[in-house]
Ligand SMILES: N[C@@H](CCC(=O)N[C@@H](CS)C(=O)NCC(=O)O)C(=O)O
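Next up is one chain by itself, shown in structure tokens, the form predicted alone.
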Amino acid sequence: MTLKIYGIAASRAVRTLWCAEELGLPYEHIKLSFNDPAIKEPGFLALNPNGAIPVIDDNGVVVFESLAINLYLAERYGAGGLGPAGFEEEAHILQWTFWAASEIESQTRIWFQHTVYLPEAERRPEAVAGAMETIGKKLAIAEQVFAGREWLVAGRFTVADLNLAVVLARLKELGGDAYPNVSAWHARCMARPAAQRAMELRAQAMRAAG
């Protein structure tokens, strides 16, 4: 069997597509949208009871939540490379992934909702301002981290970098120009061939959606 990745590339599934491309894994891409009725049907809910994308089925190992999927794939197929070599590296990869999810993505979601997603009448400028203030504080921390290293863990590109980079996909819009070390690190991540392939899949999906 082949790894199955459920979710269009114009969604958080692009994170998993990047990870699979980075690892050189063959996969079947099942292009379900976040508003596709199929994701609320029993067959899909058996894979992800949340009725959301992405989700993977890796020869019977089913995982949902994009960052968790990436951690799983990197550890299973990229140990010592994209994934950890030993417990210390694993701890630091988990540390930065959880930091990305809890400290950054929670705020970027607020920013996105109140600048792009919600109807203009429902957007709250104060929510945007609060999110941007918090994001700025977190980027200042990352700026110090990247003053002394190119990558987050073990001196090489790992799934920790991938997971943080995708959470910061809109870095420039989030004020990233004020943080040159973070911006340079993010550019290194996004310049990787696997990232470029995943982003092209995303662009294709967006064009197809009109």
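These figures come from a predicted structure and were not determined experimentally. Don't overthink the numbering: it's just position in the shown sequence, from 1.
Not on display, but discussed next: the form predicted together with the named molecule.
Proximity of Glu65 to the named molecule in the predicted complex falls within the 4.5 Å heavy atom cutoff. Interface residue remark: Ala52 is counted as part of the site for the named molecule in the predicted complex, having a heavy atom within 4.5 Å. Not displayed here, the named molecule is approached by Ile39 to within 4.5 Å at the level of heavy atoms in the predicted complex.
The closest heavy atom approach of Arg15 to the named molecule in the predicted complex falls within 4.5 Å.
For the three residues Ser11, Phe34 and Arg109, a heavy atom within 4.5 Å of the named molecule turns up in the predicted complex in every case. The stretch in contact with the named molecule in the predicted complex, judged by heavy atoms within 4.5 Å, is 44-52, chosen from 169-177, 22-30, 44-52, 151-159.
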